[in-house]
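The chain that follows stands alone, in the form predicted on its own, written as structure tokens.
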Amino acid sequence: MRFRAKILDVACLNHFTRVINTIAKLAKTCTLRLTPGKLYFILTDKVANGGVSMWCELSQGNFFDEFQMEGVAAEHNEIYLELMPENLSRALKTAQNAKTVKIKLTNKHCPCLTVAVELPSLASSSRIVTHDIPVAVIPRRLWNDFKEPSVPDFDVSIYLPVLKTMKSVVERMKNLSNSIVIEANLNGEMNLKIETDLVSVTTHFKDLGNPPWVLDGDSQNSTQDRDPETMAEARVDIKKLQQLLAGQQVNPTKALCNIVSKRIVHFILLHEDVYLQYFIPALA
């Protein structure tokens, strides 16, 4: 099992750093899945237990100048590692104006992702700062726990308003309540609501648009027979929503959310070469 990669381009390095910073805000620990073409950051708290889950997918060719790996076996050419993204984020902070960054799977007392940052120096010799990030190798028999989550059979799918606007609304609301109701319809309308014994606050968004979902085969989606005015709603933990909005360092070109009434809110954020899904279960 081997892995090594190298980033030379400053723009790619900064972009990769922003992605890792975003993930570090969303997950204390997560699984890094390496395949020859892609990297995945996966968080699978069982939604049934009230945990959020996350799936973030990057094409390695958009970030790395060199990328070599050998998986656990020829027919399973993949590597699954558990790590704390905050550690990777810290290591990349030292690489702001690096000449190169090399990432390699090593074994030093325990398996590590070793990040070697080559910094420019005035002398002819370069300075290299090395970070060893402990990782746990996930055995093949557990890989099935980290499959891509399927898009739920939602009641409503809607484009999100500008995330900065949404973030400031949610930040103001979180002082009033621990939970927030997200509701939307097929008319491009979405509301964020807080209701407590003392106060009820609603922010309305209009003309957001609804994504045209084309599902495989002829399966009729449940949204087709739905009255466009009717709201689908889910009450979620406001801190989990705020975490998603506050963590965004990659400004998505498309952001949408799918609501399964009273069950789950599924967010999809797309940015050229980064695809992030985030699931927040509804509160009872």
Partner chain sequence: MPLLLPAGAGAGAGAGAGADGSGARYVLVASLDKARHLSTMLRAVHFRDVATCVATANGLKAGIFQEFVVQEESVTFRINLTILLDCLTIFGTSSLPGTSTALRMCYCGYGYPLTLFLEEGGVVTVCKINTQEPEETLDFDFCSTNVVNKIILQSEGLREAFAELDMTSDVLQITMSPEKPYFRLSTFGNAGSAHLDYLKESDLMEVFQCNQTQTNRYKISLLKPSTKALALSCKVSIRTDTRGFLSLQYMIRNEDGQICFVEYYCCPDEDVAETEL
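Just so it is clear, the model here is predicted, and its values are computed rather than measured. Residue numbers count along the first chain shown, from 1.
The discussion below concerns the form predicted together with the partner chain, not included here.
Can residue 115 be called a contact residue for the partner chain in the predicted complex at 4.5 Å between heavy atoms?
-> No, residue 115 stays farther than 4.5 Å from the partner chain in the predicted complex.
Proximity of residue 200 to the partner chain in the predicted complex, heavy atoms at 4.5 Å = Residue 200: contacts the partner chain in the predicted complex.
Can you check whether residue 130 is within 4.5 Å of the partner chain in the predicted complex, heavy atom basis?
-> Close contact is absent here: in the predicted complex, residue 130 is far from the partner chain, nothing within 4.5 Å, heavy atoms only.
Contact flag, residue 147 vs the partner chain in the predicted complex, heavy atom cut 4.5 Å | Looking in the predicted complex, residue contacts with the partner chain do not include residue 147, since no heavy atom lies within 4.5 Å.
Could you tell me which one of 77, 121, 168, 94 places a heavy atom within 4.5 Å of the partner chain in the predicted complex?
-> Contact check passes for 168.
Have a look at 84, 110, 176, 137 for me and say which one sits with a heavy atom within 4.5 Å of the partner chain in the predicted complex.
-> Looking at the other structure, the residue within range turns out to be 176.
Report yes if all three of 15, 25 and 90 come within 4.5 Å of the partner chain in the predicted complex by some heavy atom, otherwise no.
-> No: none of 15, 25 and 90 comes within 4.5 Å of the partner chain in the predicted complex.
Sort through 137 to 145, 150 to 158, 203 to 211, 94 to 102 and report the only stretch with a non-hydrogen atom within 4.5 Å of the partner chain in the predicted complex.
-> So the stretch in question is 203 to 211.
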